[in-house]
Structure formats: structure tokens, C-alpha cells
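For reference, the chain that follows is the form predicted on its own, supplied as C-alpha cells.
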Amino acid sequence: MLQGRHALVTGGGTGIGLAIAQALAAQGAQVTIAGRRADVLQAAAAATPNLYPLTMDVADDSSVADGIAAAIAARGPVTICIANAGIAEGRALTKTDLAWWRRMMAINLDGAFLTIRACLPGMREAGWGRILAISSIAGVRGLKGAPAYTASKHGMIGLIRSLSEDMLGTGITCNAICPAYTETDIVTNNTTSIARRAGISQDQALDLMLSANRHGRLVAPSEVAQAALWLCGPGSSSVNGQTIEIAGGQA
């Protein structure tokens, strides 16, 4: 389905990003997986055909520009851009200093902007492209105890909605996927963090996250990957500027 396409997935070495990268590669795409940990990327690429590691920091303008330029030189224009890299941490607003706030925005929101901006010229030249931002259910509703994270994920959706209007009629679509709590290392780490901050057990902390998902279980990364694959495929060209919630029910 995606033979001849070059896809870029940030945060592509683990979790949702890796699941999306593997799904795209299985459909014939050449997939550049980008991230900061070279060993993780190399291990992922070694385990799956058509994955190519790229060490890149999405919060650094030069790193993104140079990294994506190298990927384009090796495998051609990026026509599928998955802006997935991000961090998910909670902190009360009164305990949020400016450096912490800016770190959240730099990775989640600036990272999406820089990645998409670097990929867009190749899509315009090709007259076809798929841009997906992996936001969060926190991008469409407020997440208690995580105002910075929530703001960054709302910002990603605003970016996508605006860009989708600019891309009308170009063959390029822009959408956001908004998963609820997903079975990844981020949830594992947050379970420990919530338990510590709230003075509860890890099982109780996990139950809090499960209760926030409307179907009472963690989302599987493969579920997010299948939604991404559909949005990149031939039957989704009229889906543009949308937020696809993968949360087990209504937000």
C-alpha cells in the first residue's frame, strides 16, 4: 500500500512510535525512525526490515534540519511525517517553574513544529503528503494535575488544524491522533511518579489511569498504529484537520 513512500517517525524507537513505524514498514514504506537514543533506534531497526535509525533531538532546530536533510538525501523526500516524540509528566501549576514549562513545550510542541516544517517542502513538491501529530486525549480535554502537558497537546492540535486549512487542495492532509493512556514505558514511569506523589501503591496509581480510559483498560500501541496506517492509506484523502480519539469512549 505504501511502496515507494518515505516516512519519518519521531520517537520511533519505542512505544507508539515504533508500532506506527512497524505498521508503515509492513506496507512497503521506507521508514526513518528518529530519536535521541542511538542504541534503542539501532536495536529497533535491526529487528524490523525497512526501518532506518536517525539520532535527532526534536527540540533542537539544527538537529532536526540536519537530521531530516540526511534522511531525505538517503531515501528521498519525506511524504509521511509522524510527529510522535514527546514527554508526559504531571506537575501542579504552582510547582511548575519556567524551565520545566519550556522543556515540555520544546519537546512536545516545538518538536512537532520543527519536524513538520522540515518535511513539508518535499510533500509540496510531490503533490502528496500525510502529516500526523500524535497528540493525546489531553489535547481535547483538561488533564488534572498536568497543565503544561495539556497545553502542549492542545497546541499540537491547533497547529494541525491551522495547517490543514493551508494545505487544502494540495494533496496533503494533516490530522491528529489522540490516544488515552496507552501501554508504553511512559505509563509505566507515570505509575511510579503518581504513586510517589499521591502516597499510594503502584497498583492504585495504575487503577487511576485505567479508570480514566472509558473502556477501563490501557490502549494497545497497535491500535494507535492501525489508525495511523489508515490515515496514511489511499482511502483517507478526505479526512483532514481531524482529531481521532482512541480512548475507548467519548471524552
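Please read these numbers as outputs of a predicted model, since none were measured by experiment. Residues carry their position along the shown sequence, with the first being 1.
In what follows, reference is made to the form predicted together with nicotinamide-adenine-dinucleotide (NAD), a form of this protein that is not presented.
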- line: Checking Ile186, Ala65, Ala212, Ala195 against nicotinamide-adenine-dinucleotide (NAD) in the predicted bound form, the residue with a non-hydrogen atom inside 4.5 angstroms turns out to be Ile186
- request: Tell me, out of Ala225, Ala29, Ala205, Ala59, which residue has a non-hydrogen atom within 4.5 angstroms of nicotinamide-adenine-dinucleotide (NAD) in the predicted bound form.
  value: Ala59
task: Find out whether any non-hydrogen atom of Gly86 is located within 4.5 angstroms of nicotinamide-adenine-dinucleotide (NAD) in the predicted bound form, and reply yes or no.
output: yes
message: Is Gly129 near nicotinamide-adenine-dinucleotide (NAD)? Define near as a heavy atom within 4.5 Å, in the predicted bound form.
response: no
message: Check Cys232 for me: does it contact nicotinamide-adenine-dinucleotide (NAD) in the predicted bound form (non-hydrogen atoms, 4.5 angstroms)?
response: no
- prompt: With the partner left out of view, is Pro53 within 4.5 angstroms of nicotinamide-adenine-dinucleotide (NAD) in the predicted bound form by any non-hydrogen atom?
  reply: no
task: Flag this candidate site as yes only if Gly15, Gly35 and Ile134 all have a heavy atom within 4.5 Å of nicotinamide-adenine-dinucleotide (NAD) in the predicted bound form; otherwise mark no.
output: yes
message: Within 4.5 angstroms, counting heavy atoms, which one of the listed stretches 159 to 167, 73 to 81, 172 to 180, 94 to 102 is next to nicotinamide-adenine-dinucleotide (NAD) in the predicted bound form?
response: 172 to 180
query: Considering only 136 to 156, what residues come within 4.5 Å of nicotinamide-adenine-dinucleotide (NAD) in the predicted bound form, judged by heavy atoms?
result: Ser136, Tyr149, Lys153
